[in-house]
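A single chain, nothing else alongside it, follows as structure tokens in the form predicted alone.
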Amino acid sequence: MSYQGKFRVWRGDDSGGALEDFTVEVNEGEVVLDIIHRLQATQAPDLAVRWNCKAGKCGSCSAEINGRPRLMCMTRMSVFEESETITVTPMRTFPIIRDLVTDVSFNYTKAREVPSFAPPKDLAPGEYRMQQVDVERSQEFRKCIECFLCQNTCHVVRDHEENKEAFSGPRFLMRVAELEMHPLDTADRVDQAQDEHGLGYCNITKCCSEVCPEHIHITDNALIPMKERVADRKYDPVVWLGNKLFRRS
């Protein structure tokens, strides 16, 4: 079963562009990325699109479909009405390179600003021991495929370009939380999360969790616990005194 689907695809580069209308064949069981490939093959061979695995695991084909940040390879055409016009645009938060491809180097800059795992100095590789509950706690965060949809939808950077220097975004605050919750990590990441990565900018709207294709509870399980640790350290006098006396070494 097939039909002629109506699409509006953004075409252009960093100097400007516009939405263009196309009619493309849609077959049963296809996803949006299939349609974009058919559009390239039949009508727009110069259309730029980033993709790799087409299995929802590489995070490359992030875009906005009808205004919602999604992976094109995981968005089935069956969720739309045949008469519906489907709009495909690049991620709005990041600079346009061309067509559906954006410059996501902001995220790699922020990744380099997060200090790596710091185990105890007297503990050799192979001697690490953790409780299963601690493994499971951070394993959720390890599911991240770095599609950067959470970064794209976060209004702190999406709507306020001036915040990008001071705010790392949910993906990398989640990385800080993962390391802070690791029982063998000796680095003190609470002040770092607040002072260097801008945790205080986050107002927990949960938009990052809503668009995550891996269904990671970024806000509930990473950002809120980190905010609680910051609040305890700064405002709880007992915790403040304990941290002064028994700070991690």
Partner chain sequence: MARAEIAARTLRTDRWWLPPLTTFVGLLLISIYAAFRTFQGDFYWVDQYHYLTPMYSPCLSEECLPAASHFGQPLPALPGFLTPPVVIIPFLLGFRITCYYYRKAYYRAAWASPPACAVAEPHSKYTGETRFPLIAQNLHRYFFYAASILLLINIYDAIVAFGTGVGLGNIILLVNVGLLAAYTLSCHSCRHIAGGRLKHFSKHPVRYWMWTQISKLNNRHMLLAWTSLIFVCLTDLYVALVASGTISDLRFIN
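What you see is a predicted model, and the numbers here were worked out from it, not measured in a lab. Positions refer to the first chain, counted from 1.
Below, we refer to the form predicted together with its partner chain, which is not included among the displayed structures.
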Would D220 count as touching its partner chain in the model of the complex under a 4.5 Å heavy atom rule?
yes
Does the 4.5 Å heavy atom contact test between E20 and its partner chain in the model of the complex come out positive?
no
Taking its partner chain as it sits in the model of the complex, is E165 in contact with it (heavy atom to heavy atom, 4.5 Å or less)?
no
So in the model of the complex, is its partner chain close enough to E161 to count as touching (4.5 Å, heavy atoms)?
yes
At 4.5 Å, heavy atom to heavy atom, what parts of 45-78 sit next to its partner chain in the model of the complex? List them in sequence order, or say none.
N66, G67, R68, P69
